[in-house]
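In structure tokens, one chain follows: the form predicted alone.
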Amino acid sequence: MTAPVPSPQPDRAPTDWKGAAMQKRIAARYSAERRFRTLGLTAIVMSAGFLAYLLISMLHDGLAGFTRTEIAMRIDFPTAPIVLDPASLRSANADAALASVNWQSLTDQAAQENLGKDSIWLAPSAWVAVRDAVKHDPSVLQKVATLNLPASAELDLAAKSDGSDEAEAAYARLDKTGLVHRAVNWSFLTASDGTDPTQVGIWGAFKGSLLTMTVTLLLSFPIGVLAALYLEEYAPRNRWTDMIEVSINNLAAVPSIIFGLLGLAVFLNTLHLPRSAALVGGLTLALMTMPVIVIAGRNAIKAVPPSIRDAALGIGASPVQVVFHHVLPLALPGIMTGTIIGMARALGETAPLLMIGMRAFIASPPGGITDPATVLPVQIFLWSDEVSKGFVEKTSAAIIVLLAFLLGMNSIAIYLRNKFERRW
């Protein structure tokens, strides 16, 4: 039986590109493309504008936190009512010798002699600066020295035209005498938390963040990479691995507060690890970061061409050598990208760390991963809740430090990613 012969199709008329209908369609396409490009450019400009506004406002408020108002105080140490041998400050018992002196009384007496009724505008913790000056240079005990002591938070705000009328009037009087000036607030970079906004610093929280991120990276990166390698290269394809994949994808989208509850239940209530320690914070953030690294690692490993594996096996490499000598180095840039995203998210987290007690008042920097510590996001959160207006600029300054820390961490990770990047 012969197949039916298809009927001939009528000839299609050629497209009239110069006709009115076609020109109208072409004009509509070009118009749609111009609208799309305009919308895209508008979105970029708006995003850049919001970012610029955020950075400018933050820098405007935060840069002042790196400076402070100081008052020049003339202190006659030889006639001061203290008994302190300069030689004792060069011995091993220097701290005990300093602790035996009533520095508060000495500072108050000098303030009365130098400032009179304006002595109230000296910071309550100015005696710490006097003690540190003597500790740094014991020879000042044998002479009359002029020390620059921090002014109170009210006078510091008046120096920025943001204080009360009384404080601004006092600042004007002191400014005429040449006793007040602005200086870099080095204690903000070297001190820890406190109750006086003129003496608080970021070093304790910065060191706590550094220790916490170190624990997080050392745990999440190797475990996440090995899990990705196993799931992609070795795990059999069955319902159990499918359940594991679905669980990992779900964990990557779980709210961070859930990981805080998990850390509270497992690490504190069950394992009885030290509360508010960088070790517990790192363990909790590692649980949160690991799914992101596993997902990014699997995608990067999957993107390596199969020809790389076949070629390595063809020249006699073992399966383990294929994975660790060929596949993993080629997938490492993609894995580093996922690690950057996960660590950046972990650095800015506050909720899970609040659940494990890292919102405590920490007056000294942690000495190790088991010591009580806080982190930069939690420190910013605590300062933003303070009543004193002097903490406003300190909060903005701490945000600048946090962004600088994040930028530095990401820069190192991007450098390593580009260094290991290979093209095929």
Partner chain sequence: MNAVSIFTLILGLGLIAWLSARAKAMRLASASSEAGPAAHRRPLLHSLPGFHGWYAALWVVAPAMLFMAVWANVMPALVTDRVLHDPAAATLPLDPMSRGAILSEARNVAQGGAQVAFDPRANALVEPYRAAQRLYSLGGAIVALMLAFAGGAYAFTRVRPDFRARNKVERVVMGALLTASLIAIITTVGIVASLLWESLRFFSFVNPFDFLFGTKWSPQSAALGYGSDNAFGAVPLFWGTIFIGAIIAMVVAIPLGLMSAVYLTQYAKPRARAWLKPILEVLAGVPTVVYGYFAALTIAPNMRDFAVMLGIPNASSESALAAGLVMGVMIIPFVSSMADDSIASVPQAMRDGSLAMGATTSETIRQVLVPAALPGVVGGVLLAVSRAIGETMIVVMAAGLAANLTLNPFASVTTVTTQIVQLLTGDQEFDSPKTLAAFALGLVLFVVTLLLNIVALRVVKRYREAYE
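Numbering follows the first chain given and starts at 1. Between two forms, the rigid core is the largest collection of C-alphas that superpose within 1.5 Å. Just so it is clear, the model here is predicted, and its values are computed rather than measured.
What comes next is about the form predicted in complex with the partner chain, which does not appear here.
Note that among 206 to 214, 261 to 269, 306 to 314, 152 to 160, the stretch whose heavy atoms approach the partner chain to within 4.5 Å in the predicted bound form is 261 to 269. For the residues L51, A27, A363, L63, the 4.5 Å heavy atom test against the partner chain in the predicted bound form is passed only by L51. For the three marked residues, Q104, L106 and V401, no heavy atom of any sits within 4.5 Å of the partner chain in the predicted bound form. None of the heavy atoms of T370 is located within 4.5 Å of the partner chain in the predicted bound form. The shortest heavy atom separation between T146 and the partner chain in the predicted bound form exceeds 4.5 Å. Interface residue remark: S384 is counted as part of the site for the partner chain in the predicted bound form, having a heavy atom within 4.5 Å. The partner chain is not shown here, and in the predicted bound form it never comes within 4.5 Å of any heavy atom of A133. Contact residues in stretch 378 to 396 (any heavy atom within 4.5 Å of the partner chain, taken in the predicted bound form) are I380, F381, S384, V392, T395, S396. Relative to the superposed rigid core, S31 undergoes a CA displacement of at least 2 Å between this form and the one not shown. Relative to the superposed core, G367 shifts its CA atom by less than 2 Å between this form and the one not shown.
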